[in-house]
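We've got the same protein chain twice here, in two forms, each standing alone as structure tokens: structure 1 and structure 2.
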Structure 1
Amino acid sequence: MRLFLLVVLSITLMTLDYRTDTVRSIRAGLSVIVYPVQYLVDLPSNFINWTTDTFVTRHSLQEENSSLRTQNQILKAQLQKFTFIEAENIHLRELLQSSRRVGERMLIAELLSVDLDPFRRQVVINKGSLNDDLYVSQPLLDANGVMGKIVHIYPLTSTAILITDPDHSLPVQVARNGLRTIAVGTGSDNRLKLLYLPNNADIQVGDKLITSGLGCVFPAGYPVATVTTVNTNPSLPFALVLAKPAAKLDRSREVLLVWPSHTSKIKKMQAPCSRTQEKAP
């Protein structure tokens, strides 16, 4: 009987709930009364879940933060490498443009070492006689101008003397008026000295110096330096003229070896020049 009455009551309540709004208001009132009971019943479970999520989330954030920090360091390192590659690419493009201006056969070489002797300016490059057709006194350039010449050739490497070496001299001329002189090294990376210019010579600060083609080494027209100082003293026979090399002698890592179109003539000219130097006192 009890079961029968409960079933009838349940059916009646469902019918009223479906047909009218009376039960809905009763249910809303009951839900307000029952909510604190539900909250208290669910509180332990919610607390456990919140605690678990909090610690798990913190641990996950720490791991993610550590991972992101590591990735950030890797990306920074890669960015530095890409910056270097970009700069190297730009420099190589400048070298190629320089070779187009020269219009001759060219070969890009890389510096292996620099002479640390303060009184010498020499470098070693990674090209030699084994696989490369190098020759003594071959011009050495970078993207901006003349760097020096080859002085010693070995099977895998070669040694070049820079134009700032005190033992190096280079016949040059002023591009503005064709005035010829000799540029010698001073031992400083950014200074050349021009010899045998009288006090009344037509030369001024800012003049561009190029190779004159004399001296059995460099063809004419290669950029060499820019005049930075012109000092005249009537008590001295010659003016003190200094110039800054056009090439980046202290920065370039890649250099350009050039075979002028008349290389064979240069080699033939080097023989009498060498003999003359040997006979000179």
Structure 2
Amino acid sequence: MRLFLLVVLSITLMTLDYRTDTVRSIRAGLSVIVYPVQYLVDLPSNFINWTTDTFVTRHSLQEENSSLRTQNQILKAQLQKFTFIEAENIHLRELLQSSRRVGERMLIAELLSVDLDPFRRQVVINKGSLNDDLYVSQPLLDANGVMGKIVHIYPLTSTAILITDPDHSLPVQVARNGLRTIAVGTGSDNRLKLLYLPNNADIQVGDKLITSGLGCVFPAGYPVATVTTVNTNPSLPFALVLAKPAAKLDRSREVLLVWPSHTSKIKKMQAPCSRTQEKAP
């Protein structure tokens, strides 16, 4: 009898969780209870990071410092040009009367080294609703490319789905010629599959894929992956194209959260992504 009650209760919970947003507060409450467990599991890797940071020789620090300084100089020089190009871009877009893209706000978060569901590709980050104004399906990047997006926000932590998760798909375009396609995860850590490309599509091994900005979740122009395999079989309707993610999905510890912003002077019709703008400050 008690089993029957519990089964009914869990099925209700699952349905509510799958279809609606009503059990979010239960989830958030329980997440605070289990946070110490996550914290404890993260502790050893945190400690290793701390020791490697603390016990380095003066020589290697100096070396790292000088290489970082050189890199900083180069990046700054590139940025000078970038500022000019951005201004020019805004000006040209105004001439075209199309919506203008302005700078995006970013926040650095850290991954907790804990494992989630072994059959999915998800990560936990150390930012939650308590201190930061995150929103569901907010993009997550690392220094090299797109990592994924946020699915659940808890008071102290949040969980994000990676682009390699079998349930995740992402609108992308080939940087070389603007060919648009969809990159779906395969569940394996360094492989994405590109859907609906005909056998004669202009795509080659080594092509860089960037986000296309369609779908209004990811801002346009971030690197996603590099094409590794193009397999055309005339008997199949579409080519089998595989790509390797640009982001270091299994190695990054620091990730960037992005608040994309779109401002538009003209009607909303031409700014289909204004939904994200309302949530961004």
Partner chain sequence: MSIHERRRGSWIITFSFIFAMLLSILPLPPNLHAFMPSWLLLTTIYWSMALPHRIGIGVAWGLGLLLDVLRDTLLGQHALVMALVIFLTLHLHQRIRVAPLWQQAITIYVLCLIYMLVIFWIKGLQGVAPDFWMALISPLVSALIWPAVFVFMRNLRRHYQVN
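These figures come from a predicted structure and were not determined experimentally. Take the two forms, find the largest set of C-alpha atoms that superpose within 1.5 Å, and that set is the rigid core. Residue numbering: sequential along structure 1, first residue numbered 1.
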property: Identity of the form predicted together with its partner chain among structures 1 and 2; result: 2
property: Yes/no, Val114 Cα shift of 2 Å or more between structures 1 and 2 with rigid core fixed; result: yes
property: Flag for Ile48, CA shift 2 Å or larger between structures 1 and 2 after aligning core; result: yes
property: Cα displacement of Asn233 between structures 1 and 2 reaching 2 Å, rigid core superposed; result: no
property: Following rigid core superposition, Cα shift of Ile11 between structures 1 and 2 in Å; result: 124.5
